[in-house]
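Consider the single chain below, provided in structure tokens and representing the form predicted on its own.
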């Protein structure tokens, strides 16, 4: 008899939950405007893809032979890597140049983005200023990094200078969004308590905002550093910024040496894995300290 009360209460709660779920499903329109638009776009993309494959002029290409040749090229690239036109020390130095380019642009971007991120956070800044900054960085992020590098190359010329400016420009827009969102997660009660105690804006920033967000900031900064490393490889080839990317461009576009491309790819892969391991350890230490 004593167990009947809890069982009955649980049964009523279950029935109420199922009723709410059923009402939510019935209240949702099966064919809303958004669902119709998404399905229409999906069907249109599928149709265009099929039509493109059917109407494309393949010039009597034998797909089996092409597939076998591709697999053979990949085998030479990744299972027979060697350095013929570059020495090991030269390749290592060029990797360090690419890392330096990524590190420089990340540091510049993080310093500028920190100030702009504080001004873009609505809980410690004015809403109009926050909207202006967020809207501006959203427009900057919409343009790929390569285009920003080429835009600045008009004034500075192709090379490392245009690459640094363009990559820094895009890094700022990326980190401003990340920093401002982490700052906005801070409880308003902590900010109001500091304001009530007479703390000014800078004291609030250094005593509450940054200490509570430092883990997120480091995580986003390392993520951007990894992105900038990959971009710096591409900029070495596309914008003449130097580094290992330019050597890969020479190996593929001038020497046509697949084995050398494979060796350079392994260099880049090893550095990327090391960066990921280092970033993971740093984040673990910060979590322990916090």
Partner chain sequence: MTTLLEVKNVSKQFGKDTKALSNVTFSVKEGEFVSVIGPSGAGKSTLLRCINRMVDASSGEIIFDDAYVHQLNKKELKKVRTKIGMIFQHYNLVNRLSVIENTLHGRLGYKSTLAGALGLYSEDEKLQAARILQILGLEEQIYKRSDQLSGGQKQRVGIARALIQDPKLLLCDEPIASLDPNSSKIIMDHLRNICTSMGITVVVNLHQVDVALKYSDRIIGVNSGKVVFDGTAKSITSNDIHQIYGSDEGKLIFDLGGSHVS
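All of these numbers come straight from a predicted model, not from anything done at the bench. Residue numbers count along the first chain shown, from 1.
Separately, the form predicted together with its partner chain exists; it is not shown, and the next lines address it.
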Legend entry - Which of 209 to 217, 164 to 172, 124 to 132, 87 to 95 sits within 4.5 Å of its partner chain in the predicted complex, heavy atom basis: 209 to 217
Legend entry - 4.5 Å heavy atom contact, residue 190 and its partner chain in the predicted complex: yes
Inset, instruction - Spell out, yes or no, whether the shortest heavy atom distance between residue 199 and its partner chain in the predicted complex is within 4.5 Å. - result: yes
Inset, instruction - Indicate whether its partner chain has at least one heavy atom within 4.5 Å of a heavy atom of residue 137 in the predicted complex. - result: no
Legend entry - Partner contact for residue 194 in the predicted complex: its partner chain, 4.5 angstroms, heavy atom: yes
